[in-house]
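Before any questions on binding or motion, here is one chain by itself as structure tokens, the form predicted alone.
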């Protein structure tokens, strides 16, 4: 929480959705939120004032209050140096920490409240460094001027509750405009990650960056390369999990930032042949993402956001540019783009330092997203259905969402047919699951039973026998123990005869 601009609320504000914020509503929302957090802000403000220092609630909590949303953790800025802040917070809180001391930040907890207090500062980045050089400032306006955007450059003095808005953040919040307090080139030079944050705020709040911000993002896109993969990844996750990720992704592509952080996305803008014999893959992908979001209620009671599902939708066709072929009859093919796409997705996610668990989940979905299209009009055998469930594993519900979202045809009759066909597949899965417990499908004999039946000890042969019984289970469904032993003995006799 050392950077108060690190998180933004979900939802939209301002005019992008046709509303805007009225001043009277803003005043009422701020007053209500300040009353709610009064036990924290008033006492802390008095303690800092008694020590001869200023204290201001700042950044995200102020913006959230104006949007009528409750703040979680609270960020403050102060004229006090860290050693003074530490002394005050030690006396006030139940616990304290100083992991952000290098940035002038001291944190504390009191009951359920978490606060972080940062000394007024002025920081800049060396052009070749990922870390800021921190210098303490001597004024609130100077501190607010180094923040990312005007909607995060507002403060409320405590005690007293006077609003400080030197850069017009209230107006920008009301009109849904994203501006920097000073020149955007200076802001993005200080911290290039702010360019990605602009895209994230567009996705989270529905804001529109002013032309000067977009121009600076475009001309300075290569500066993002000095930012660590982990910080880029975290911003990308927040953007994709926002209510309107398409807005942010389109901004990343438009400005060239996507070419540096997620080049597989702009690569989907394939040059279309004159007869338009294949879809616009880029537009199709963004539509699939939006449709997968609409289906998130299938994944959890709350209905999202689900990063794995969304990122799989975004990456599901990234193998198409490498696999596109024009045949002699003029048709276009993308053979094996599912397999190629899964490999490209894994490479990108590793570069962005995603966990193995998340990477495996996304890549599995990308590789499996075409499997349903072999189902035809329901010709699959029960064995094929079992294998579909087995291969999807714990990603089956997400695969249902991705497969349904991937239908973007404008032909309503075709769309309805595909939906009915997938309904049929899901119904068959449900029936087989009830009868056979597909989610935990395993052979009808375990390892000990295999060794007992064959009269052998642990070794390679046990694994081979286990896999053979699993294939029988997938092909024919469950068998009783006697039938399983008979099948195992038959396999064993053939195996030993061929050795």
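Quick caveat: nothing in here was measured; it's all calculated off a predicted structure. Residue numbers count along the first chain shown, from 1. Here, rigid core means the biggest group of C-alpha atoms that superpose within 1.5 Å across both forms.
The discussion below concerns the form predicted together with a small molecule, not included here.
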| request: Among 163-171, 193-201, 213-221, 382-390, mark the stretch whose residues have heavy atoms within 4.5 Å of the small molecule in the predicted bound form. | output: 193-201
| Is residue 231 close to the small molecule in the predicted bound form, meaning a heavy atom pair under 4.5 Å apart or at it? | yes
| query | Are any of the heavy atoms in residue 247 no more than 4.5 Å from a heavy atom of the small molecule in the predicted bound form? | reply | no
| said: Using a 4.5 angstroms cut-off on non-hydrogen atoms, would residue 152 count as touching the small molecule in the predicted bound form? | reply: yes
| query | Looking in the predicted bound form, any heavy atom of residue 310 within 4.5 Å of the small molecule? | reply | no
| said: Would all three of 59, 75 and 147 be in contact with the small molecule in the predicted bound form, where contact means some heavy atom lies within 4.5 Å? | reply: yes
| Considering the small molecule in the predicted bound form, which of 179, 337, 369, 238 comes within 4.5 Å of it through any heavy atom? | 238
| After the core is matched up, is the C-alpha of residue 392 off by 2 Å or more between the shown form and the other one? | no
| query | Is residue 115 one of the residues whose Cα moves 2 Å or more between the shown form and the other one, with the core superposed? | reply | yes
